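So this first bit is one chain, no partners, the form predicted on its own, shown in structure tokens.
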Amino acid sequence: MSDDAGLQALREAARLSPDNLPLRQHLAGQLLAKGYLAEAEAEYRAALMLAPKDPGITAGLAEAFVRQSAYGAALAALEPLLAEPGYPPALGVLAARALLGEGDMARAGYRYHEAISRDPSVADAGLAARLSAPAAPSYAAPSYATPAYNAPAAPVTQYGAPGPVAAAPGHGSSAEVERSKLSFADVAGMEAVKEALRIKLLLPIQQPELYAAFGKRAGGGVLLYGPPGAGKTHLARAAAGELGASFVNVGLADILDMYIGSSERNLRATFDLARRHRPCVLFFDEVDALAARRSDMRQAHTRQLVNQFLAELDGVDQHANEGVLVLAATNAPWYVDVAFRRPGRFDQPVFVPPPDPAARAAILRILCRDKPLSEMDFDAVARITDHFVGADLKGVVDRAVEAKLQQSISAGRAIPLSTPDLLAAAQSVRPTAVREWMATARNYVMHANDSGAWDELLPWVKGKW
């Protein structure tokens, strides 16, 4: 925080009068001028909540984005203004800077020359030199309409060091877009969980007219939680495949960085990537490492990562994340900051339970469907695999297949897998972490559940676990 008395006074005034739009806008401008870019961005966001269509505030926010090298976010903020005839030429120069940062030299050149042709006073010699453009523009006019859902992807934004903070240059998120070949037909059991995902995430995109009639938009977030190996990642991939959407699987290595500010920029780049490939399922595994309770953190920069995550979930405006379905998974939901469970974020935690006998039999059928089989009694195997999750059952099938391969090699032909093979393998495999997870969950449900957040777990922890 700055010791500047004037800024401190403005901050305090804004805190005491949060709905004073001119005050917030003035504070944001001062922060931007002094290089406090993240704080300026936060103030501009707060001002936009008061005046969503104010061009001056939107331009200030875009300037903060550009100076933080968040070029995709800057262009998203500027698009509505650039679509209006006679927009201020200064915005064209700002858009040119963002487009140049994205590596789109042609559109950057067009925007710059179009702007200075209307107002030569906004010329930027440094930007013109970087563009190395001819005196007269020879570029085709670009379209700034909102990109279609299947529009080709722009390159991932490359991020540098944040304004006033000394940090090594970052390289943006390393997450990649893929296409899932799975669907809910590949997920055994868990009908209640699949139905919750359909209603919350899939149907708003599949039936947009119906949801629009009730004022519901496509997009949102769901937090999947449960014991390890229960199939949370598998569910996320199946949700993407069910929708035919892009899928971005975000690991900790894609976000966390040793340099201050780089993790936040990686997180922003990941959301920008998903927004460019919508409809898109953005999946955060082990989300408790990125969204931990701020009250437990000692380092300010780790709290800032949580703040950045919350800001990205909210989006620059109410339509920023439309078509972006954010799924997160954790084995420890009680460690996730309570702010993530606010409506509009991960407001619907969904418990992914260990499979019951019918679900275990269905999982075994799916795991064995591409293998040579004799007549199988999957229900018999399911009955002796109590407390097994999907990962454990895969281990059972893998062990049975290894034993059967040895027999087939000796016999010189493929010997089909049989029920006794699976039964023998199941007796040699122990379930992994379900009992331990349920014991931990019981502690939270019985002794730290004043808010009722974990009532869904009561039938489980009071049962045979």
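Position 1 is the first residue in the sequence shown; the rest follow in order. What you see is a predicted model; the values in this text were computed from it and never measured.
Just so it is clear, the following notes concern the form predicted in complex with adenosine-5'-diphosphate, a form of the same protein that is not shown.
Of the candidates Ala115, Ile255, Val326, Val187, Val187 is the one whose heavy atoms come within 4.5 Å of adenosine-5'-diphosphate in the model of the complex; the others do not. The listed set Arg341, His234, Arg303, Arg130 contains one residue whose heavy atoms approach adenosine-5'-diphosphate in the model of the complex to within 4.5 Å, identified as His234. Comparing 83-91, 116-124, 372-380, 386-394 against adenosine-5'-diphosphate in the model of the complex, the single stretch with non-hydrogen atoms within 4.5 angstroms of it is 386-394. Although the partner is absent from this view, Pro228 contacts adenosine-5'-diphosphate in the model of the complex, with a non-hydrogen atom inside 4.5 angstroms. Although the partner is absent here, Leu78 lies well away from adenosine-5'-diphosphate in the model of the complex, with no heavy atom inside 4.5 Å. At least one heavy atom of Leu367 is located within 4.5 Å of adenosine-5'-diphosphate in the model of the complex. Contact check for Val281: no non-hydrogen atom falls within 4.5 Å of adenosine-5'-diphosphate in the model of the complex.
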